[in-house]
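Next up is one chain by itself, shown in structure tokens, the form predicted alone.
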Amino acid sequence: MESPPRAVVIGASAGAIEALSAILPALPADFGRAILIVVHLPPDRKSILAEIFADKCRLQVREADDKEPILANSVYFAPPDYHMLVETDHYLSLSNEEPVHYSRPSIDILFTTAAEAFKSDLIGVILSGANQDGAEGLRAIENAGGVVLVQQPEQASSSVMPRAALARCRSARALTLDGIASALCELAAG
């Protein structure tokens, strides 16, 4: 029987492309985990995040589809104006329920549902952003026994999101972007 996937969830807002550009291309093709990403996007425009990162990464990159299985060595971006949730059977689902912290997709919703599905086989990462979305979700990952990493606020384009996450999570490690990439590789390998 195939073992269930392990995962990394990443949340970002203002400054996301710069931060993700330092992390995702550094990950090897055999990374061994799925990566699920929420970036706050304008609801009325098509996202080109998957296209931007498909050319930069060794992992498979796509925009998430509803009821899609979560596979290792794949990066899934939440589509604009949809919450991305993780089902307990390790499938993705999309929802257009109310925004959270004025955001749809919401980092908190992805992180909280991923914590329920993956328990301690989950790494949560909060990057640059200008609101507090993700802090509660990162706390849920911490409470489930997962690893929590946060971009150093001083290095972030917008420090509000990293500072909120660090305030909510006692075990969170504040790292540079290069440090996050290295930590992800070490955690995935070991």
Partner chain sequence: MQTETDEIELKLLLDAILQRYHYDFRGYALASLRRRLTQAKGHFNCSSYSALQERVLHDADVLPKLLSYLTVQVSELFRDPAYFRAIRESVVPYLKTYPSLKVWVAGCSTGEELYSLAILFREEGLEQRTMFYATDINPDALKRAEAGVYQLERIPLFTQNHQLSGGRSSLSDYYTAAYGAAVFDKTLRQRTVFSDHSLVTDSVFAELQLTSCRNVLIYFDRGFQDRALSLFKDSLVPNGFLGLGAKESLRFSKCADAFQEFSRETRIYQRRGN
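Positions refer to the first chain, counted from 1. Bear in mind the structure is a predicted one, so any value in this text is a computation, not a measurement.
Only in words, not in the display: the form predicted in complex with the partner chain, which the text now covers.
- Contact annotation: the partner chain lies within 4.5 Å of heavy atoms from the stretch 65-73 in the predicted complex, the single such stretch among 160-168, 147-155, 27-35, 65-73.
- Using a 4.5 Å cutoff between non-hydrogen atoms, His101 does not count as a contact of the partner chain in the predicted complex.
- Heavy atoms of every residue among Leu85, Asn96 and Glu116 are located within 4.5 Å of the partner chain in the predicted complex.
- Taking a 4.5 Å heavy atom cutoff to the partner chain in the predicted complex, the one contacting residue in 16-50 is Lys46.
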